[in-house]
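One chain comes next, on its own, written out as structure tokens in the form predicted on its own.
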């Protein structure tokens, strides 16, 4: 089902389609057209059809898509048809917030560990988890065969943390540290810089005042 040739931009849009489908199914909507998906997502109907075509034919011309069927297909394409175990490294405010949110609101992942190097934080309870020493991280990654990690540590510690994660078996990293990370081929890093996002957003507010 996965298409390794699909552009990254397409892969990033699939979770958007999934979120819309989840909402539609909760509203008992069974059939949706690419035009309706376009209205819900902001992407063009042509773009949606092209994105889905990378992975097969999921709709019927003139009839649209079965919401449940398309949702199941997208889940399998992304790899969310079974829960993915994820760890968080960095138990500061952001790390804790991301952990709590994903434990409560994200049905597709299971946060199985959160780590830090601060003795004042290690041992704290976070919902059903306990913050563990980052030195325990490699063993847990290997033992539980974890492939996905979230990094919320300060910039100066990010590379060493990622090196340890990758050495232990992590293959995909969501990085919130404001720095470029060096990883070997075969490891994917997505950077989420909240400061840059906010600063770029402020542009639109400032130009509106001119």
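Positions refer to the first chain, counted from 1. All figures in this text were calculated on a predicted structure; none of them were measured in a lab.
Separately, the form predicted together with a further copy of the same chain exists; it is not shown, and the next lines address it.
Exercise. Could you check which residue among 140, 112, 78, 122 gets a heavy atom within 4.5 Å of a further copy of the same chain in the predicted complex?
Key: Only one option qualifies, and that one is 78.
Self-check item: Contact of residue 178 with a further copy of the same chain in the predicted complex (heavy atom, 4.5 Å)
Solution: Yes.
Quiz item: With the cut-off set at 4.5 Å between non-hydrogen atoms, does residue 102 touch a further copy of the same chain in the predicted complex?
Solution: Yes, residue 102 lies within 4.5 Å of a further copy of the same chain in the predicted complex.
Quiz item: Hey, in the predicted complex, does residue 46 get a heavy atom within 4.5 angstroms of a further copy of the same chain?
Solution: Residue 46: no, not in contact with a further copy of the same chain in the predicted complex.
Quiz item: Heavy atom to heavy atom, is residue 31 within 4.5 Å of a further copy of the same chain in the predicted complex?
Solution: No, residue 31 is distant from the partner.
Quiz item: Is every one of 148, 195 and 200 within 4.5 Å of a further copy of the same chain in the predicted complex, counting heavy atoms?
Solution: Verified in the predicted complex; spot residues all in contact, yes.
Exercise. Can you tell me which bits of 164-178 touch a further copy of the same chain in the predicted complex, meaning any heavy atom within 4.5 Å?
Key: 171, 172, 173, 174, 176, 178, in sequence order.
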